[in-house]
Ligand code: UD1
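Have a look below at one chain only, the form predicted on its own, in structure tokens format.
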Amino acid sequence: MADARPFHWEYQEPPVQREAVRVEGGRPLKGEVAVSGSKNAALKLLAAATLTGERCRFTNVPEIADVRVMVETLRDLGVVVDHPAANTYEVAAGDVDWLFVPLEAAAKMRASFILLGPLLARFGRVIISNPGGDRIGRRPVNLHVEAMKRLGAEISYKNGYYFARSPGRLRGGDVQFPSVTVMGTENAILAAVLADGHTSIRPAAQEPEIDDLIDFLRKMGADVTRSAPDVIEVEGRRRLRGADHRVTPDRIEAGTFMIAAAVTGGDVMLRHAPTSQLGAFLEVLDRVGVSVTPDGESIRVQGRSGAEYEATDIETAPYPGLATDLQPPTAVLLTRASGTSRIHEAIFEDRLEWLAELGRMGADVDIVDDHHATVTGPSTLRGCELEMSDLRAGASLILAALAADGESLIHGAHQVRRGYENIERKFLDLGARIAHVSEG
């Protein structure tokens, strides 16, 4: 554990080297917080801008590490990306002739694979590395590759890279996935908008970030329609134009701060919250007994103390079900509930492993198998030294530390920087005691 010298609880810009987060728990969070733009939407929108040589301008882009990686990757390709103001990016993909997405980009961020569809559609070829990303289970990209082949692409795999080319313009076709895939759906859309003819995609993922992408593509002149909840139809165009777009708010960040208010017994108002996108999550909070008051684009969460929450069972599912990214924060809430809750993680087989760290804090958790766990509460969490394994588990450990007695030192703080904008600053504004610690 780190030394016990007095610590100054103020915001500081995070250092470049390896980082940890120091949290002193036991303080109810109170105040207001603004929800940032969606990480999952912003990354795909930046990729979509390569479909035209004209300027595209995005506002409400979260200032997070994953966005910086995507911007660096685009610049390495020869795309002009300007950052004229905070949360604003301008992209102009003129003559891009270095169509190579290296291993370094893929290792930092799995979403770099979203460049397959638009680069192949517009330039007819691309070499792209097999992606990396969080260690939360197998997330194969074979569905993306097969979708491109359905549209006429020729793709081979060698030494960790996919070599994709189109002999001419991609051709519209019938893309049928064996199961729902979010980024597979997005890649298929981004390839189909410049293909020759009609494309049907089914079952198409229904995540709101995909509809945000469709809204932007329509502004560019694309013909994309969700003809049924799980069917997307695309009529290809020869070219698209530049457009301006405001990124939708991040529903996962909103859910994270709602849990933070609940587990600390706080009172927090969320501004710019995507209330309509949180249906399944709000149902879970209602069953547990969290007081939630939506009001247009604002949500007020009033937490409770003691054993006033009730246990409930949760199961993740593709949208409109409970988002897998909200399962780890919800698990923290379940440690405060009276009784035994069951978790069914139906999307990723390794996403429950982080619960072992929660157990080290005093939570009564049992990982039954790769997809099932139980949480029995209420538990008194205690601060300790922890390690973040991935983005959402990292944020959830911070939530647990905020609710715990005593101080926690959580290593691997770069994980939360990937997906949460100014997370420490926001928690400090709500009265938390949280700070970065530089590590050698």
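One rule holds for the numbers: they count along the sequence shown, beginning at 1. Predicted model only: the values in this text are computed from it and were never measured.
The discussion below concerns the form predicted together with the ligand, not included here.
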>> I'd like to know whether N40 contacts the ligand in the predicted complex, with contact meaning heavy atoms within 4.5 angstroms.
In response: yes
> Is D212 one of the residues lying within 4.5 Å of the ligand in the predicted complex, judged by heavy atom distances?
Replying inline: no
> Can F348 be called a contact residue for the ligand in the predicted complex at 4.5 Å between heavy atoms?
Replying inline: yes
> So, in the predicted complex, is N130 in contact with the ligand at a 4.5 angstroms heavy atom limit?
Replying inline: no
> the ligand isn't shown here, but in the predicted complex which of L103, V141, L285, I155 has a heavy atom within 4.5 Å of it?
Replying inline: V141
>> So the ligand isn't shown here. In the predicted complex, which residue out of I232, M148, A111, L194 has a non-hydrogen atom within 4.5 Å of it?
In response: A111
> Exactly one stretch in 348 to 356, 90 to 98, 236 to 244, 273 to 281 has heavy atoms within 4.5 Å of the ligand in the predicted complex; which is it?
Replying inline: 348 to 356
> What residues, if any, in 187 to 223 have a non-hydrogen atom within 4.5 angstroms of the ligand in the predicted complex?
Replying inline: E207
